[in-house]
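One chain is shown next in structure tokens, namely the form predicted alone.
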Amino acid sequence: MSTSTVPADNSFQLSQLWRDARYRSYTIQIIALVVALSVVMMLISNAVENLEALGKDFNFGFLYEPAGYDIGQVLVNYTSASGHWKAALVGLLNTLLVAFLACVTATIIGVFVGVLRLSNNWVVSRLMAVYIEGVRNVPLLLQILAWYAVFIHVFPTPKQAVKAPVIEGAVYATNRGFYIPGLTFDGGYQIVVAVLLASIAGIFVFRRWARQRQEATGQILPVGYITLGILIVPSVLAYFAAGMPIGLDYPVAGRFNLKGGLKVGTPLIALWFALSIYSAAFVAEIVRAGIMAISKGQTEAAYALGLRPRRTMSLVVLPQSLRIIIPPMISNYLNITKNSSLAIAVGYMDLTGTLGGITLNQTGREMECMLLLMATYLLISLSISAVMNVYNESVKLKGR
């Protein structure tokens, strides 16, 4: 004997919202949404009332007031007379800079260590295991402070570095940072930049075509050399054709300090090194797990066809393991970005140090600064996740 939740006359009744399976899920979702919005509105209302009790209002006008403080590492024009919004922008760019550098470096080191961790050489494998277990189990903050102390105490002062440059007349390593040649731009540099960007786009097109050709014919092109040629040759030709509009500004040794060039401060270097080395240990384990998930039969079949171990790893194992490696790598990149907020420990002015630090303390706008800070980190994290998810879709196994 079967029962039906639909009335005989097919008329809608309120009881169907809960008893009818067609509507029950929507009802639960709507109730949950209403409850969540009610809680949020209650919290906002309480916050506004408490601010009014303290004689404060809720607005973001403070962003246009003069910041009144200097920032050592800047990627855009900034002075202490600039607004707090400009200081926040400088902090945001500094956050993105160190996060990008750390993500790239951690990926390179992590893949290298993860592959060596599976080496048949017992000494190499054990050394990589010691590195992974040692680095992963030491708090990141301590590693950041340790690297900062190394750069501060091991490298010489600028005056002493003048006498012993790393590369004669080009790079100086000091306890205040590295001084390297900076770029100078004259008229016509836009042509060189446009050609460089076109070359990079051409590389993606070529590599995709080469992969499709390999899958169709089995023929392998020297992708590395051709990629290098596509990147360098057109750009060099455009550089000379435009009259060499891009030059180098070398650091100049003064009596007590260095002038000119580009200074990469010690806090940035220490934070970059610590984030890279710490995160690389996690990347290595992700890579190792992805490789071990591939059946040994794949490797044995590649060896039977005459492929060498390096070719087997790059053409057979790694491409298949990417669908396992990419999802946890997304979380790892998000962690690198969020862990960069520890930069304030070594004086690197990132978003947390500017908007969530000095600006907050100077203006007393705790609520506004925290909301902006959380919203910015949320937007960055969602952007990274979206980009990596697109790449993840491209490496998934395609159904026929």
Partner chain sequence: MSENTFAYVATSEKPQLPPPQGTTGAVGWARENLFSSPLNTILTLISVFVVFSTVPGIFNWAFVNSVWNANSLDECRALTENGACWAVIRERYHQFLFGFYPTELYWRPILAFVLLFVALVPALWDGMPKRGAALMASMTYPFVAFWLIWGGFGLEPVSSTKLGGLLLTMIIGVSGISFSLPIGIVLALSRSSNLPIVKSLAVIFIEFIRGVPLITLLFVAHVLLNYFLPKGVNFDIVLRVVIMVTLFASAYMAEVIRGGLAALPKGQYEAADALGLSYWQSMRLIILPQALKISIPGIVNTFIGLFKDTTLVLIIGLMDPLGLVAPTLADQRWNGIFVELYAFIAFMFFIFCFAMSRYSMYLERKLHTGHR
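Basically, rigid core = biggest C-alpha set you can superpose within 1.5 Å across the two forms. Numbering follows the first chain given and starts at 1. Only a predicted model underlies this, so the values are computations on that prediction, with no experimental measurement involved.
Same protein, other form: the form predicted together with the partner chain, not shown, and the subject of what follows.
Remark: none of the three candidate residues (R22, I203 and V387) comes within 4.5 Å of the partner chain in the predicted complex, counting heavy atoms only.
Comment: the partner chain is not present in this chain, but in the predicted complex one of V104, A146, I220, V264 has a heavy atom within 4.5 Å of it, namely A146. In the predicted complex, no heavy atom of A216 sits within 4.5 Å of the partner chain. Taking the partner from the other structure, the partner chain in the predicted complex has a heavy atom within 4.5 Å of a heavy atom of S381. Although the partner is absent here, E133 lies within 4.5 Å of the partner chain in the predicted complex, judged by heavy atoms. In the predicted complex, the partner chain sits within 4.5 Å of a heavy atom belonging to Y278. Contacts to the partner chain in the predicted complex (heavy atom within 4.5 Å) from stretch 30-50: A32, L33, A36, L43, N46, A47, E49, N50. A movement of the C-alpha atom of L33 reaching 2 angstroms or beyond is seen between the shown form and the other one when the two forms are aligned on their rigid core. Superposition of the core reveals a Cα shift of less than 2 Å for N361 between the shown form and the other one.
Annotation for L379: C-alpha shift under 2 angstroms between the shown form and the other one, rigid core superposed.
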